[in-house]
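Given next, in structure tokens, is a single chain: the form predicted on its own.
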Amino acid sequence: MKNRRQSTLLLLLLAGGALCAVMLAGALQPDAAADFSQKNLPPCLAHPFGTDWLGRDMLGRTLAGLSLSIRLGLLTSAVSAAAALALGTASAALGGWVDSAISWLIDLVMGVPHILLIMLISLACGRGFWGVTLGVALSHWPALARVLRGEALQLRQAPYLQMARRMGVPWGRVLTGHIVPHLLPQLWAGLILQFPHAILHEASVTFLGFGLPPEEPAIGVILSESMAYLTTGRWWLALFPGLTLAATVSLFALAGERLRLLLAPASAQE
């Protein structure tokens, strides 16, 4: 019988393999060309996800859109995690007014709904890929920063670190040699948990018209366009892209949650 550590490793490998497969398939997809002789076809062997009102294959469009969302999610999650690590460790290391300022900034950003903040930043940056990327990245770091700050503050009081400081070891060496390595498990778990949130929020903002432009093969664009055709019975235009997005988000949310439980001291040996 496999324990939690083995099953979590298998789940992470499965999630990573699925991510790489979707990204590769999306990157290899040719540009969707209109073919009016094939328009509005329901799912069939030639077109498993059907075709749209222009005759474009929905499976190819879905893979291309999901690949774009995954790339954006990876980029924004990495930027958010790096910002959370930098601010969390700086808050614990410097203390005083720096800690107060960072804590105030965390509370300020967490007080604004994510979707609203992403839309505002995206509009301020001209929308598009980089506007959405900045919006998602600058709105998802506070929760992880708060966790890392608390861990770093607790670790700072450890006797061996107190002794190192009294012996004159510089703070930079203490941070890189002791505090940051101790925070890496929480950082990795937070990074994986942020990834599905980033994808979902990007798709939501794009669906509302404040994210990626219509010419991009994004899942949010596909779902937004399909709304005008659902009343005509073309259910496949929204069903399959929505299911692939939900499956991707659920898979990585489950992987991140299992990794978080694995890293928790109370359940690490289960």
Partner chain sequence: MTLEAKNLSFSYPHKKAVLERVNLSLRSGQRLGLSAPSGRGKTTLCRLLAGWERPAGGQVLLDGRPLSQYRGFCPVQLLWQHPEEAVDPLLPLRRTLYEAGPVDRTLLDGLGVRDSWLERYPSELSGGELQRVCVARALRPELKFLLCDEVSAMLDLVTQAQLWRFLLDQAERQGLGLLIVSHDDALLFRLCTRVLTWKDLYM
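Bear in mind the structure is a predicted one, so any value in this text is a computation, not a measurement. Residue numbers count along the first chain shown, from 1.
The next section is about a form of this same protein that is not shown, the form predicted together with the partner chain.
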Contact assignment for the partner chain in the predicted bound form, among Gly126, Gly111, Gly96, Pro181, heavy atom within 4.5 Å: Pro181
Heavy atom of Ser100 within 4.5 Å of the partner chain in the predicted bound form: no
Non-hydrogen atom contact Gln154 with the partner chain in the predicted bound form at 4.5 angstroms: no
Partner contact for Leu116 in the predicted bound form: the partner chain, 4.5 angstroms, heavy atom: no
The partner chain contact in the predicted bound form: Ala164, any heavy atom under 4.5 Å: yes
Proximity to the partner chain in the predicted bound form (heavy atom, within 4.5 Å), stretch among 190-198, 133-141, 154-162, 68-76: 154-162
